[in-house]
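Following this are structure 1 and structure 2, which are two forms of one protein chain, each written alone as structure tokens.
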Structure 1
């Protein structure tokens, strides 16, 4: 049963208005919102826009409507008018009944439920996960939970980037320097081991690049083919001529890139990629082995983070898929071919550029692959929404992907949505792998758990717990702190990750909410007998704080639904913090066990119970576990 008051109040207002003014009033003319804390009332009708129907000034209009509403429905006990705002007050009995029927539930009506795919995580298999991936994973998982809570049918999907030149790099470095090292021989987590060789490759590469640069500077062009020679010479000349330093910088980095490409190591990497694409047995064997190490590592990290997937896609399976579709697009005349054979789409009428979809040698690029997987998934999953959790540096890419598919006539493309999130910065600035400031996901998880443990042990409240229970608790607290810290920020916004603040326990933090929950559980345990007492309005006084708490609980379903529409776990984090804070204040002022009026005590206990349930539910939606004690 949905008791949400907007369900009956909005239509009631509409009817009242229509009979009052004898005009048709569209529903969206009725702007109803929660009454702000500082005013009396439960719901507020904004009356400025209604003047045109009443022909009177907003305050007079509000007054009139208020009077009519009180007459129209007994649930409405009163009202007050401030400027053009009509604050509607509901009966206390309405709220007491509401509390008794309340359970945190945000299910939409059947007809509003949809099939939704959430793609998230999508890692490369050449490096372990880092802080940026953590934001991605937490967001993706949480959004999926939120949509499920609203009744949607969600597929969580991970598209793994397991092929390409970057993967070959770690393979080559391992061949050269690995001496057969494996995760078990080294005791290293598989993804970290592979990552180590990726870094190793980079080191070897920059040594070769420097060497080659020195040779070029002394006019020694051995090992560089004529065409590349010319290119490099031209660049050198341009750098000579360039006047502003920005341009010089740009040219220099292009030059470095070109020299990079001429090193023996890069040549080897490219050769390996070709071997891989041809299906060379040894290459494939090595690739499979090293990838399997990485997957073992990733799975462990996912498990510790508490995220999971319904389906995995691998780029090695999907990277060719888009080619046929591009051919179809050519046939339809949506795409065009240049003289060199490359295929493009012109999106300039959409405010975008031309975009390459197929190289002149016929091989596919990132976009080709994404087009292919999109079509494949639509066949397999048949969703109405395809949401991709990917960083905002790819805003342009997803814009192009969606428009391209639309132009090709795929109607499912309308459902493509990019959940674009901002970078995670450190207090010192951006994470840079070159400077070694990248925060590793596994290290971070270890740290927050350890730190949570340290702080809990200092307080000494967990001494009687078994070591196993303690470890479970520290894990819940550490991860709760981390998840809340990251998810409370609006996904779209860039955020600063301060390692020390992320494990804080006071203020707007995960553990603050967990503490509130644990304390409620303790209260429920001690007050079991009260649950038998029937709550009756006749036996207890009206309390505005209680009314306020129930209104906070009532906001649950609307909050979750708005969060789902906006793909924003942050809204839920803000809500549950507000709820916990208000409850703590209520708890402080209105005792249960000491209250002599047992009906009132039972009523307060009921508020505690429902608040606890709601906090736990919100926590679940963020992937946060609530401890029974801490």
Structure 2
């Protein structure tokens, strides 16, 4: 007997309908849903559209079909009709058999499987990973695991942003302030050391900006070209006239940026970028050295976080290809060049605007290198879907990328998808990289592990563990708390991460689910003898709560497939929580070890075992490790 009711129930309904009405009924006319909790039943057939075959009203049609199904298959024990909905009830033996054959599996048929690229992490090599990167990495890794669970062929890739003006900023600050400092000499992780100089650059830039602004206020325009002078004077006039405070704030921000660009430090950074693109030996050597420090630091953080990648791409390799593709587009007339030599694409017919693809000095922008990377990856990976995990502040960028590639004739661009997610804040507010106020990923990992250890020690649950076992438990709990708390939120929503709240053993948290799993493992160890008992319906009564628990397990495959379609680990997190919560209630009301009917006890133990397997499988898809004991 096939234990997946959708596989056998839909054809049975089709056959029954055709027999009842002597007509050919297409399978897509049969709409099955989960029965709502307030009604008895296991599956609900929507009968409104079937009235055209019966010639009767939906409730009459539903009644007629229900009676025919009960006669047609012994697995169907009854039914009830609510308006035009037929709630089909399956007999208890079906669910007992289903439990015994159940394993958590969500594989799609081979014809539905596809090749998918998931790009995530994509850090800049001028600073360490922070809390925002953690959400990116956890989301990307989990989505990749979910798609793989459904049978898709997934490539997990990381595009390293290892070139650009931001990298030059750290390099210049190190040249001016570093005194030859290295990770070894400083005792700092390489990514932290380079990030330190990125912050230092911003401090130096602020000082120069303030000094230049003071000169402008005193009408000293030395060192500022005529075109920039006109732009700054225009902004100053607009600021003076602006009455709205928000408009004044926006204009002042634009003014600050224009003055920044005129400072000697920013001019030096732009010069370094051009030297890099020309292949200047000294510039390239320093760039390689500082990037190597960062890569070593990143890899340590990735390992701690439990994420990995199948392939790395580097913008320093792909931006040249992007520039070549831009030149091809220019030759074909898809792109156009302005008088200053810069290259643009006009997307106004797509509801967008004109987008810069190449600066007047010949240097590339982010879009240039993303075009090159996209073309290269399609050649190497040949996927049907190219999903980018990037914050929602880049929604416009990926819309432009897709439209630009489509306009340039690349058909694979139809498969570009932006997994857009909201920013992560702390209870104390928003993070700012340049000001050095970000929450470092390594520090946050340390904090949640330490907090998990403190909670576990307070509860006295680790007294008989070795120090090494304790540390492993604290790590699993801390990282489980972090991952679950972040992934349980719909990716599209902005969120606040509260480390203390995440580690709570009660409520919708990772540790609560981990504790439920550990509790099940403890029960399985104590009741090993029950595993040898054969489960027989003749020797145990029917339990409605057991039926409900099995239906919760049955929901695994649909939940995973729906989560894959929506690129949403939150669906799995919420399913895990409901499953753990329902199991705890079931175990409380229907104990195993105290049950005198051994067959019934063995049946309840099997529910516990399959629940544990499902929680572990869901945990793996979220990157969570499940402790065997707590």
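We call the rigid core whatever largest set of C-alpha positions still superposes within 1.5 Å between the two forms. Owing to the predicted nature of the structure, the values given are computational and were not obtained by experimental measurement. Numbering follows the first chain given and starts at 1.
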Which of the two shown is the form predicted on its own: 2
C-alpha of residue 409 off by 2 Å or more between structures 1 and 2 on rigid core: yes
Core-aligned C-alpha movement of residue 312 between structures 1 and 2 reaching 2 Å: no
Once both forms sit on the same rigid core, is the C-alpha displacement of residue 488 at or above 2 Å between structures 1 and 2? no
In Å, how far apart are the CA positions of residue 232 between structures 1 and 2 with the rigid core superposed? 3.0
